[in-house]
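Next up is one chain by itself, shown in structure tokens, the form predicted on its own.
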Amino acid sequence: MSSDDPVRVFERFATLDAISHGRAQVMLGRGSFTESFPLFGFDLQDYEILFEEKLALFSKLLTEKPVTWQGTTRAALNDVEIFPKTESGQLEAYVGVGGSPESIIRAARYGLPIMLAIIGGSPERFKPYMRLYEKATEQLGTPKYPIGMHSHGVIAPTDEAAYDIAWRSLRVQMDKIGQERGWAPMTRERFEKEIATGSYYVGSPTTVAQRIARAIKGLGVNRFDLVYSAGNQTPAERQQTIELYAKEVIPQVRQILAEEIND
């Protein structure tokens, strides 16, 4: 969002909301890819102020009322109506947080829920950010929303088939990004550790359901989103993950969590 205009973003998602019968959701984040900055004529040194001002404006747009706003990164708005509007009167929006305390506090300040972007390591290491969000909302007097998380995953009929797809796709994707940013190449040992205890949700529907349920319970989040599109997977492999996630994984996760509550 740092390199896009909040008004255009709102207009696009409000249109999508109408097409999808109210199902559109916006994830707002600074993003870890900065290649788009020069494409939009922005200076990377303005990274912080760009996101701060754009999020401030977007939070006003979410009210779907006439907007008055002034900043340094785009033209001012004076009592401007933005169209289209959503049928519900409130576009659902979250702030994506990848590990920055400032992003947690910023989301709390603008009264927005957060989505933890956990792409590696144990999910429970994000617990301090959840406590920070709770404390910040209390001090600022803003709503405290349920917290969600998203992580990468691959689902196939068997663990072995899912591992093969993930090793070919997730590893290649992470190594490509890592080469640009100076990360060490993904080893098989690290890959298997991420699957076993980290933040790769890879395996059969039962395996993935058990891992997701464990993460939800251990971290205390109320929502889990699976990122299924990373790497060089074929369309059929992506479709397989989507279908198995919807038809088998989600029902199993709900059952596991319900049984734990009843016990």
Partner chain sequence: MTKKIGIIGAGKLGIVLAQIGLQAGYEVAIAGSGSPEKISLTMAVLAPGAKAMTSLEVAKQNDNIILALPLSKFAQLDSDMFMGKVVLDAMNYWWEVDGKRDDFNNPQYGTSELVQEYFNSSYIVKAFNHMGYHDLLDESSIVNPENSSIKAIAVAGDDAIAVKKVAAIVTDFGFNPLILSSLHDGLKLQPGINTFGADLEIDDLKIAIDSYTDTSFGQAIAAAKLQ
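Residue numbers count along the first chain shown, from 1. What you see is a predicted model; the values in this text were computed from it and never measured.
There is also a form predicted in complex with its partner chain; it is not shown, and the following applies to it.
Not displayed here, its partner chain is approached by Phe33 to within 4.5 Å at the level of heavy atoms in the predicted bound form. The shortest heavy atom separation between Ala136 and its partner chain in the predicted bound form is within 4.5 Å. The closest non-hydrogen atom of Leu132 lies within 4.5 Å of its partner chain in the predicted bound form. Using a 4.5 Å cutoff between non-hydrogen atoms, Lys85 does not count as a contact of its partner chain in the predicted bound form.
Only one of Gly148, Pro101, Gly111, Gly71 comes within 4.5 Å of its partner chain in the predicted bound form through a heavy atom, and that residue is Pro101. The partner is absent here; in the predicted bound form, the one residue of Ala196, Leu39, Leu44, Ala236 having a heavy atom within 4.5 Å of its partner chain is Leu44. At a distance of at most 4.5 angstroms from its partner chain in the predicted bound form, none of the three residues Lys65, Gly89 and Ala93 contributes a non-hydrogen atom. For its partner chain in the predicted bound form, the listed stretch (164-172, 177-185, 151-159, 77-85) containing residues with heavy atoms inside 4.5 Å is 177-185.
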